[in-house]
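Quick heads-up: it's one chain on its own, the form predicted on its own, in structure tokens.
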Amino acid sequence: MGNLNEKKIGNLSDPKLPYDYMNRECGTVPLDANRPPFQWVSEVAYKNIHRIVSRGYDTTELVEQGYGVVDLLFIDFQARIPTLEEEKMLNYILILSLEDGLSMPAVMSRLVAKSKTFLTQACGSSILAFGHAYGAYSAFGDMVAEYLRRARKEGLSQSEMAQILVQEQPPGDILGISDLMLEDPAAKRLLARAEKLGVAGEHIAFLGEIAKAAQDQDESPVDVDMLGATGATMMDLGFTPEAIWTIIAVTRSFGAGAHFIEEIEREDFCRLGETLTPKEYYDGPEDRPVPPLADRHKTAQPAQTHNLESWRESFEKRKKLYGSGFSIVEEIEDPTKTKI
């Protein structure tokens, strides 16, 4: 008979376990000298009670010397102090990127503000409203970098590779060429400033070739847009695609914060469930009586169809049912033929 005082919990006394659970160490176990302890290691920055150092530079000394936020972006992301022309170019880009008026990201920030939440949540929601990969800066940059690598590897000129890119990449959110800026000179002014400051390089040159190729192949007018101009210029400044959308997203959040504050200061707080939606805002089916449950068989409609023609008719009818998702086109591509 076993010891009545023996402690047993489930199967923790099972001899098949890799160690004696019931007699394991209690309290602090000495560090295993044969294994290096886990620790975070970073070459970006460190901080002690006396100073904050970024990539080797004391940030207090940087400020005292007259360097600014734009300089520190180069230090943080590229570990170097930029030239005066580079600093001026990035400052130009950030000013253009900071505010966009009552754009969808700003509206998102204001909508969140009406729910009496935190400013950081409002700024986050505005960034999420930027679209494809925060305005597609990451996807655009990766695309441009890949095709430039191909051009060097295959011995093709930028003009020749631009023709290939436009043929392989359908018009869309990441091309950097669209009809968005046909009336707005901002993108052209940005590129002109890069040329004037002497910071334009192969990425801006390649973007120009892409624009020419797209204009030759597209039946409707297209030109460089702000995605293309900003992305190509920042890549010529030495930033990676990932760094670009990080910097632009944070910059835009400043403007979103201003919209958040204005919404709170100028408009009333809206409590959950307080907003009324008049019938005039509704264009769905007319009001109809709820049938007794016993009459379900008279009104119920099955989802399944049993022949191709009825399926087609049912699907076309459902496509007109907005809010159902049936009119959204989902394209599943062959992963072995995925384009950059």
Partner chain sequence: MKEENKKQKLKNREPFLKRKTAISYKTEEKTVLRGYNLSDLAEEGYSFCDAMFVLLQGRIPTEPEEKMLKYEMGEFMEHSMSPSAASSIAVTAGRPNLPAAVAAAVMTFGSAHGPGAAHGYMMNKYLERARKEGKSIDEMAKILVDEYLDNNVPVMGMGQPQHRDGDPRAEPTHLKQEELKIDGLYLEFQRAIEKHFHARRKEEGRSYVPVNCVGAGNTALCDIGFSPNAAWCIGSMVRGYSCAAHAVYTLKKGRAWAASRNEPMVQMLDLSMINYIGPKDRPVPPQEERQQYAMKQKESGDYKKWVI
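Residue numbers count along the first chain shown, from 1. Heads up, when I say rigid core I mean the largest set of C-alphas that superpose within 1.5 Å between the two forms. Keep in mind the model is a prediction, meaning the values are calculated, not measured.
If you look for the form predicted in complex with its partner chain, you will not find it shown, but the lines that follow are about it.
In the predicted bound form, none of the heavy atoms of E209 sits within 4.5 Å of a heavy atom of its partner chain. In the predicted bound form, at least one heavy atom of F254 sits within 4.5 Å of a heavy atom of its partner chain.
Taking non-hydrogen atoms only, E195 never approaches its partner chain to within 4.5 angstroms in the predicted bound form. For the chain shown alone, E274 is not a contact residue for its partner chain in the predicted bound form, no non-hydrogen atom being within 4.5 angstroms. Partner contact region in the predicted bound form: 173-181, out of 199-207, 173-181, 147-155, 160-168, criterion any non-hydrogen atom within 4.5 Å of its partner chain.
With the partner omitted from this view, the residue of I81, V222, V107, A213 that lies near its partner chain in the predicted bound form is V107 [heavy atom within 4.5 Å]. This chain lacks the partner; the member of A136, A229, I247, L237 within 4.5 angstroms of its partner chain in the predicted bound form by a non-hydrogen atom is I247.
For the partner-free chain shown, C26, G27, T28, V29, P30, L31, D32, R35, P36, P37, F38, Q39, W40, V41, S42, E43, V44, A45, Y46, K47 of 20-47 come within 4.5 angstroms of its partner chain in the predicted bound form, judged by any non-hydrogen atom. In a rigid-core overlay of the protein, I52 has its C-alpha displaced by under 2 Å between the shown form and the other one. After superposition on the rigid core, the Cα of P37 moves by 2 Å or more between the shown form and the other one. A displacement of 2 angstroms or greater separates the C-alpha positions of G27 between the shown form and the other one, with the rigid core held in common. Annotation: S220/D173 CA-CA distance shorter in the predicted bound form than in the displayed model, change of at least 3 Å. Shown here is a form in which the CA atoms of I174 and A162 lie at least 3 Å farther apart than they do in the predicted bound form.
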